[in-house]
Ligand SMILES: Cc1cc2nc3c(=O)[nH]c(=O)nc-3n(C[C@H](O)[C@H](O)[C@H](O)COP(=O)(O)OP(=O)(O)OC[C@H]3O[C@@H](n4cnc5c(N)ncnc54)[C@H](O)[C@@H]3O)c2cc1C
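A lone chain, given as structure tokens: the form predicted alone.
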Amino acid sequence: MGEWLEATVTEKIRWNDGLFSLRFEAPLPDFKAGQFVRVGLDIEGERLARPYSLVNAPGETPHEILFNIVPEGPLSPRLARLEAGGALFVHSSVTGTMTMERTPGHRHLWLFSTGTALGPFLSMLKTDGPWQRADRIVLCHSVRRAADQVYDTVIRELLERHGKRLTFVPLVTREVVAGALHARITSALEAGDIERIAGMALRPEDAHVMLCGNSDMIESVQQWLAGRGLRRHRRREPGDVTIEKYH
């Protein structure tokens, strides 16, 4: 069942007015890259908590979450006001099924994310697991505006470390940004742009796909993938597509 643990904020990163990262120290148990933790605060006598994916890799400290402010929400605006030294609560039950350990064998790994859903993929890519299983990895991250592009230093370090084995495809939907596709993920797939940049085809013979982010992206990309012959992966029915919805 787990228990609530006290955590101390070590750093806050303000990417823009509505997008933040919090780094914190807490005695969390071992976890797998891609999993999430419940983060909470005591508000008006009640502990309010929401699930957030961990951006840090297992064994890497401090722990880190990436989140958007929900303006009318009771929790996220308060999390964004925390500073170094501030206190919050995290639950010891780190969980989630979107992990490399649960994916079948593959030569090519395709990671599609929107917004804050980039976080768990960075956690994975900082570990050895994906690189021991796949020859090539394609990471796609879609945001609305250039100001929502985050962790560029981490992505650059991954690209430098893994060379041609990693392809990063940024997409910005509401602005024209140099070096990024001006399209939604589904549109870019339909146009063939993502496969062109990756230099390989997305096909069921050698691919596993992970989708993490908003429901619209997941549903539309899943339909496109089904047209290519890729089906959802389930524990009792192995497939080609792993899914985690954020909202």
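A residue's number is simply how far along the shown sequence it sits, counting from 1. What you are looking at is a predicted structure, and each value in this text was computed from that prediction instead of being measured.
This protein has a second form, the form predicted together with the ligand, left out of what is shown; the following refers to that one.
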Choose from 23-31, 66-74, 218-226, 194-202 the stretch whose residues reach within 4.5 Å of the ligand in the predicted bound form, heavy atoms counted. 66-74
Does any part of residue 184 reach within 4.5 Å of the ligand in the predicted bound form? Heavy atoms only, please. no
Does any heavy atom of residue 51 come within 4.5 Å of a heavy atom of the ligand in the predicted bound form? yes
Should residue 123 be classed as touching the ligand in the predicted bound form when contacts are defined as heavy atoms within 4.5 Å? no
In the predicted bound form, residue 116 touching the ligand (heavy atom, 4.5 Å): yes
At a 4.5 angstroms cut-off on non-hydrogen atoms, which residues of 1-16 are near the ligand in the predicted bound form? List them in order. none
